[in-house]
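Quick setup: one chain, the form predicted alone, written in structure tokens, and binding and motion questions come after.
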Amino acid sequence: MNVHAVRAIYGFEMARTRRTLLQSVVAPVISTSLYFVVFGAAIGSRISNVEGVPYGAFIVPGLVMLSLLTQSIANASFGIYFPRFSGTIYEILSAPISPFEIVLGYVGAAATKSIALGAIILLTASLFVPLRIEHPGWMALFLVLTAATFSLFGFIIGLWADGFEKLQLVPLLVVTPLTFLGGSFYSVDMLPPAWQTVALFNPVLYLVSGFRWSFFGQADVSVGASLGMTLAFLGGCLALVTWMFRTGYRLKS
């Protein structure tokens, strides 16, 4: 493995984050704090608890997942799209570095940023509500797997997009609605039976549910199903990225 090349890509992407701390870290933390004010205070005063968990604490895993998904996609998609836009992608493709090493550098940096942001949001949440984490190992596993999976997904979007507006198309029109409909701020058991069945086809439900289980030991679906769905999505993204590099899709044109 060309460690120096991976380190160069990773270091460049992390340096870009340090130059945009206001946008990359401060803005998501402020948005999360506003969620706590609106949902935790306003709605939480009317919903005392959900499945025995105070509502303010109940929404924490959903808020972390919402930020993790959106930031993973945004970081990875912009990271690979900008070299395509500026034309420097050809320097990377002509360098003695394999597709795996390119993906490792970009996706590794995007996942690192998202995990760090998730940890900061958890610390911010602890200032508003008392938190308990019953399964910290599982929490860390879901955090890393989700960040890596959606960073890969963002990398795919960055290769697919042919304009800056398309970088926001999938996150805004697909990922964010699925996150809100995936039980981020409520339990699926609170829905009518027909909508509970529909919710089971939402992949984000399994991510939020598994992450919530690591906090409170209870979830809408089993932790095995959550882990399986996450790994299946990760495998699908890996397969699609492999195909894109093998065919040169949007890379060599």
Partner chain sequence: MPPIISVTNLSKTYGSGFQALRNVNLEIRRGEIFALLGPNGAGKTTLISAICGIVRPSAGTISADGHDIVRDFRAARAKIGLVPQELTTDAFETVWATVNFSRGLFGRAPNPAYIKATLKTLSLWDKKDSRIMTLSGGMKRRVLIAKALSHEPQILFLDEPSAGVDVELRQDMWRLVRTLRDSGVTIILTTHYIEEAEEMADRVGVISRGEIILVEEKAELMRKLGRKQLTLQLQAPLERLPPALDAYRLELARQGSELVYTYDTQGERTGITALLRDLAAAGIRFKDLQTSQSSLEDIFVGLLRERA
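This one's a predicted model, so the numbers in the text were calculated from it and none came from an experiment. Residue numbers count along the first chain shown, from 1.
Separately, the form predicted together with its partner chain exists; it is not shown, and the next lines address it.
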### Triplet 87, 98 and 101 all within 4.5 Å of its partner chain in the predicted complex via a heavy atom
yes
Taking heavy atoms only, is residue 94 within 4.5 angstroms of its partner chain in the predicted complex?
yes
Next on the checklist: Under a 4.5 Å heavy atom criterion, is residue 9 part of the interface with its partner chain in the predicted complex?
Outcome noted: yes
Counting only non-hydrogen atoms, the one stretch of 141-149, 156-164, 79-87, 169-177 within 4.5 angstroms of its partner chain in the predicted complex is 79-87
Within 216-248, the residues having any heavy atom within 4.5 Å of its partner chain in the predicted complex are 246, 247, 248
